[in-house]
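In structure tokens, the next block holds one chain alone, the form predicted on its own.
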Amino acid sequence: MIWAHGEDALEFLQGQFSQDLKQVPAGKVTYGFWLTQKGKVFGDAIVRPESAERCLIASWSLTADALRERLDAYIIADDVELEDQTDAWKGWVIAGEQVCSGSAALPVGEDTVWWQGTEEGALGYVLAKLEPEWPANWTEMDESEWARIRIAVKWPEVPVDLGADDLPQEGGRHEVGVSFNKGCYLGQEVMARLEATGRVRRQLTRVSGNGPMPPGDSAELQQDGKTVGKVRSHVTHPDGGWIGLAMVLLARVDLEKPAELKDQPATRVEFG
């Protein structure tokens, strides 16, 4: 959690963040990415512009030190100070059908921030200095339940599912995390080119398996003896087997046919 403040705070972040912060009403929240010059995902964040001179930044994928180091590298003559506020805030992920009807009941103000990422599966993030008074019909979930919900709606966890070698479009997050109408920002040229061509070579997709969980991270998927992708994250399914997200090579994979795990050829893996 970082406060960016100073005369040039909003203008500076506008040139770094993938979303159009100038179109976000004061006190509202938007989701986006910090990209490399090649358009790859350095990290993601939610940002709440308070004014032209004050913005709140929160990231689950980057520590405050990592984010400050990244932003500091591009501060030249800008009047911007980056203040670590991590110790003053707590964060929660929220998900499930209850979110759509109950998130409006959460307090929103200087000491509480929430952002709802998608209505499908209804997930989002809550940040507060003190734990909010949750709606009465909400229940606490564990990490496995959170993973099952976000995998079901193909919401990638950065950097596990969508990271330093990936483009936002490959994870399907450009629709909510990238502006194609704002001016220049780091990685904008690549984003604009992909928007014009509409072509990516890889795509994050849901997968499910009927056997044991994939061994470790980045388990390879094969069809006809050829590697067609890698499982990025996975979790057990209550009905048996497992579900996950995999980055697949579109030129090689046939999403209508099952695949298998390289080291577990008896495991049948379905796409979608």
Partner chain sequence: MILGHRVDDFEHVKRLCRSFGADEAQAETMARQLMKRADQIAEQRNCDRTEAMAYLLEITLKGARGEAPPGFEGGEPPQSKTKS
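Positions refer to the first chain, counted from 1. Just so we're clear, the structure is a prediction, and the values are computed from it rather than from any experiment.
Omitted from view is the form predicted together with the partner chain, to which the following refers.
Highlighted residues Glu143, Lys154 and Glu220: none comes within 4.5 Å of the partner chain in the predicted complex, counting any heavy atom.
Contact with the partner chain in the predicted complex, defined as any heavy atom within 4.5 Å, is confined among 122-130, 192-200, 167-175, 72-80 to 72-80.
Checked against the partner chain in the predicted complex, the candidates Thr227, Thr205, Thr236, Thr36 yield a single residue with a heavy atom inside 4.5 Å, and that residue is Thr36. Within 4.5 angstroms of the partner chain in the predicted complex, the stretch 208-242 places no non-hydrogen atom at all.
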